[in-house]
Structures are given as structure tokens and as C-alpha cells.
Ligand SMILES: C[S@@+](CC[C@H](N)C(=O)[O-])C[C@H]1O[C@@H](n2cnc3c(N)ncnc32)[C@H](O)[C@@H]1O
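What follows is a single chain, given as C-alpha cells, in the form predicted alone.
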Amino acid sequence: MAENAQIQSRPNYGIDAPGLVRFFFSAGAVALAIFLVVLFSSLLGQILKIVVGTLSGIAATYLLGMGCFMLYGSKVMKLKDRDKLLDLVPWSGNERVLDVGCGRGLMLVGAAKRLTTGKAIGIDLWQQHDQANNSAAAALANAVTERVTERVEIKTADMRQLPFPDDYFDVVLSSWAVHNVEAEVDRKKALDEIVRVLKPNGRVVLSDIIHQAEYAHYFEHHGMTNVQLHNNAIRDFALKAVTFGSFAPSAVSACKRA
């Protein structure tokens, strides 16, 4: 796989939900065009101009603003959050790490940079609607750029049926991936697998944009210890307000009982 990795000057961790980003910008452009037509039209009555102009202006501002925010989240916010999440793990450098739904390798590469003799393994199904140009080759290209290829391994696998033995990993990570499994019963299968492959005293850090309370409840009721929710209350409130409760990134961490 190393021969297929492209040479790049800096890591590229892609754009999350590219279809949604395109929708926001496209719909926002249409709303902006309507606003400008109404603003400079001499054919509409004053009341109609005020009503349509106000509604289209609000729509354009919201849609284009959300598109810009999603780009910022993919290119800036997630990198900052990654370092904070990885700081939750007391690294020794020799851990065996699993990144569930590794995508283009954001958490995978970040973990590998903290290892010395350990190994970070990433698994994914490489769905394009979850992340732009999502592929094993893209993840490996980022590992090459960050100079951690000797500590990284990438596999194609389903998080609901992990191809690893019980009690295999010291650390399991996942970022914005488990929510892509739509059915709750399937998300529980993914959590079952995460707990199964985690060693006793191992640590899981699971970041997502929704369902965090569901994950914490699961860990608490399956014998995990030190279950904690890591969030920014002010940011969560603002994001839930502008996304109608559908987006508020935070993380759950827990340890497997010895």
C-alpha cells in the first residue's frame, strides 16, 4: 500500500459530509441571488420586497454561514479538538491503538505521533458521503507526510464486526464515525466490538457530533469505569441552537474494568 501513497507537502484530512457542504453553499447562493434580485427590482411592491428580501437574506446568511462553519470545522476545529482528545490518554509510547472509522487518518496519525514502539491501526469502510475522497490511500498519504508510516497500519473493516481478538488494544479511538451507523441496534454492535477488543484497564475515547449520552449510558451499563463526558457547554449550546440540535461535537471517555 505504501507505493500508492501520494507525495504531499502537508496533511489533508478532507471535508466532512461534503454533500451537505455543497448543499449549504448551493442553496445559499440561490437565496443570495433571490435577495439581490428583490433588492434591485422595480417591479415588486414595497411590502413584498421587504418580506421576500428579509426571508431570502436570512436564508442566504444562514446557509452560507453554515457552509463556512462546516469548512472551518473540517479544516481547523477538528485538528484542535484532536490534540485535546489525545491528551486524555496517558501515553507511554508502546500502546497498540485502534482508530474506528479512521477516514483520512486524523486521529490515527495523531496517535501514531505519540507512539515510539507502539502501533496505530485504522479501520474504515471508506464511504464517500461521510468524508470527501475518503480512502485508505488518502489516510496512508497523511501518514507518509507526517512521517509515521512505520507505526501505522490500515485495514478495510466494519466497526460492527472488528477483525481483531478479544482484549487486543490498549487504546480505542473514534472521531465523528459511530453516528454514521444509523440504527441504534447497529451502534450498540459497534460499541460491543469496541469494548470486546479493548484490554482490561484499556481506555476508549469516542468523539462524535450526536448520541454522546447514548454512548456514555452504554459504557456505564457495561462495566466500564471512569466514564466522562468532555464538552464545551457554551459551544455546544451555540451549535445546537444554529443546527436545531443536530450538531454538537463532544467526546466520551471510559476505562475497561480489569
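Note that residue numbering follows the sequence shown and begins at 1. Model, not experiment: these values are computed from the prediction.
Although not depicted, the form predicted in complex with this ligand is the subject of the following passage.
Residues of just one listed stretch (99-107, 83-91, 114-122, 141-149) have heavy atoms within 4.5 Å of this ligand in the model of the complex: 99-107. Here is the short version: of 181, 77, 71, 137, the single residue with a heavy atom within 4.5 Å of this ligand in the model of the complex is 181. This ligand in the model of the complex comes within 4.5 Å of no heavy atom belonging to residue 171. In the model of the complex, at least one heavy atom of residue 126 sits within 4.5 Å of a heavy atom of this ligand.
For the chain shown alone, residue 153 is not a contact residue for this ligand in the model of the complex, no non-hydrogen atom being within 4.5 angstroms.
Under a 4.5 angstroms non-hydrogen atom cutoff, this ligand in the model of the complex lacks residue 188 among its neighbouring residues. Taking this ligand as positioned in the model of the complex, none of the residues of 52-77 brings a heavy atom within 4.5 Å of it.
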